[in-house]
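Take a look at this one chain, the form predicted alone, written out in structure tokens.
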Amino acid sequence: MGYVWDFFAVARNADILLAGLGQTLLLSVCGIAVGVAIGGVLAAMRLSGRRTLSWPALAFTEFYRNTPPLVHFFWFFYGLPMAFGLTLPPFAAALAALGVQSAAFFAEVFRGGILSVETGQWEAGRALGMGRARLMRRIILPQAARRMAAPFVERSFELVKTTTLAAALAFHETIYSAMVIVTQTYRPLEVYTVVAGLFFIVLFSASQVAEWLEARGRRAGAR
């Protein structure tokens, strides 16, 4: 006997699912912001040429890039109260976990983009008497930014999908909201199919915007 699909069960609980999607987007935006801020500092430390700065930054990035993100969620939500008596609400714990993990990847994106700029560009800037800060701002970063764009967007999309792990902390994002609906409707196939569709719509739309901005940047750079 074939399975009878019933998406009306999901439609009747659309408010719960959309509220969860809103929390997913909020967590994603905040996680990217934290990751960019910390990742920028880590990249600067890696590029400083000082071992006292570059080695701790390297240790941080390699550790968080090579350990499971779910473990980070558990550390911040369950580990901090047990080890230090510091209790974070689910949103803060999920944000901290996403922030440190995304920072490790963003740091490598930023560092790789800067290092990809040809040595001649650095030498030309110095020949014009530019200091390091002005050289970075006027010559290096504009070129590096175009090369960072694609990997940065890719890592940002991965972060959005990683927010689903926050369901393990009982944070009411999209997956946790879907789990609530499943317990009420007993329609897991329909619910999770709709969830997949929502993520596809959000990320595909964002990818189209990113490609348009990237193409616009290339045209502006060619002038």
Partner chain sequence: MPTITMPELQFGEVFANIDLLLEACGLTLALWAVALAAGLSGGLLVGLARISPRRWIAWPARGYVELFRNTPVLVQLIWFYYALPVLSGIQLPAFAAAALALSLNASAYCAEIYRGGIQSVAAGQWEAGRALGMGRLRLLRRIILPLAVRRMVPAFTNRAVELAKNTSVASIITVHELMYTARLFSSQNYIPMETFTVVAMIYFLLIYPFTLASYALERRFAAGRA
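Model, not experiment: these values are computed from the prediction. Numbering follows the first chain given and starts at 1. Just so we're on the same page, rigid core means the largest C-alpha set that superposes within 1.5 Å between forms.
Separately, the form predicted together with the partner chain exists; it is not shown, and the next lines address it.
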Exercise: Gly112 in contact with the partner chain in the predicted complex, heavy atom 4.5 Å: no
Contact flag, Thr185 vs the partner chain in the predicted complex, heavy atom cut 4.5 Å: no
Close approach of Leu80 to the partner chain in the predicted complex, 4.5 Å, heavy atom: yes
In the predicted complex, Leu27 touching the partner chain (heavy atom, 4.5 Å): no
Non-hydrogen atom within 4.5 angstroms of the partner chain in the predicted complex for each of Leu88, Phe91 and Ser177: no
Residues of stretch 176 to 210 in contact with the partner chain in the predicted complex (4.5 Å, non-hydrogen atom): Met179, Pro188, Leu189, Tyr192, Thr193, Val195, Ala196, Phe199, Phe200, Leu203, Phe204, Ser207, Gln208
Residue shift check between the shown form and the other one, rigid core fit, Val209 Cα at least 2 Å: yes
